[in-house]
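There is one chain below, alone, in structure tokens, taken in the form predicted alone.
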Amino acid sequence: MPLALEIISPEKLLLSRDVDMVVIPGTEGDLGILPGHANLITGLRGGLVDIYAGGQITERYFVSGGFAEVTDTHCAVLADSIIRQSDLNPATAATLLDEAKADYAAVNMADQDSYLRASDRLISAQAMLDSAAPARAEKT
């Protein structure tokens, strides 16, 4: 019994098909989603969405954050932004990380909303850089 997976960005429906399993970067850790999974809604942190078929990863996408809704037959990933891992640019990711570090260093820690936004941006930028390096290594 397959799992229906949808990956949706603000711009479009990026992917809609049946998969064997998907691993998503939940805010509390990575979640492996198989058919029959318990219903849940979770926030996403920056990280990779791994799509499995035949016991192997067939596709990887980087998400910067968002939400996922899971039922026993369906997983919808609603991403703030999404890009194929193979399209990640390490130099761009490094620049985004430097900018996020500067913003985090300058944030007023007493302003909880600003602190949380800066912290989330820093975590996502670091995850993007970490995800970009293996993508380039796989191409060589």
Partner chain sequence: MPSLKTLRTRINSVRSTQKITGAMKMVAAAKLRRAQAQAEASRPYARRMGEMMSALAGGAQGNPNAPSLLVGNGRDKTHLLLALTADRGLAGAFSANVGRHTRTLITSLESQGKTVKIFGLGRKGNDYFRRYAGDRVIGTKNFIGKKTIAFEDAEAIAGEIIALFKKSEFDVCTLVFNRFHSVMSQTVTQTPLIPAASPPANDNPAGDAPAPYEIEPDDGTLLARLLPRNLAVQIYAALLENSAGFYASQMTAMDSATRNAGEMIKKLSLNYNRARQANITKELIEIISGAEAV
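Numbering follows the first chain given and starts at 1. This one's a predicted model, so the numbers in the text were calculated from it and none came from an experiment.
What comes next is about the form predicted in complex with its partner chain, which does not appear here.
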Quiz item: With the partner absent here, would 95, 102 and 127 each sit within 4.5 Å of its partner chain in the predicted complex, counting heavy atoms only?
Solution: no
Quiz item: Does its partner chain come within 4.5 Å of any heavy atom of residue 106 in the predicted complex?
Solution: no
Self-check item: 4.5 Å heavy atom contact, residue 86 to its partner chain in the predicted complex
Solution: no
Self-check item: Contact label in the predicted complex: residue 17 to its partner chain, heavy atom within 4.5 Å
Solution: no
Self-check item: 4.5 Å heavy atom contact, residue 131 and its partner chain in the predicted complex
Solution: no
Exercise. State the residue from 51, 79, 48, 33 whose non-hydrogen atoms include one within 4.5 Å of its partner chain in the predicted complex.
Key: 79
Quiz item: Even though the chain is shown alone, can you say which residues of 15-47 have a heavy atom within 4.5 Å of its partner chain in the predicted complex?
Solution: 27, 28, 31, 38, 39, 40, 41, 42, 43, 44
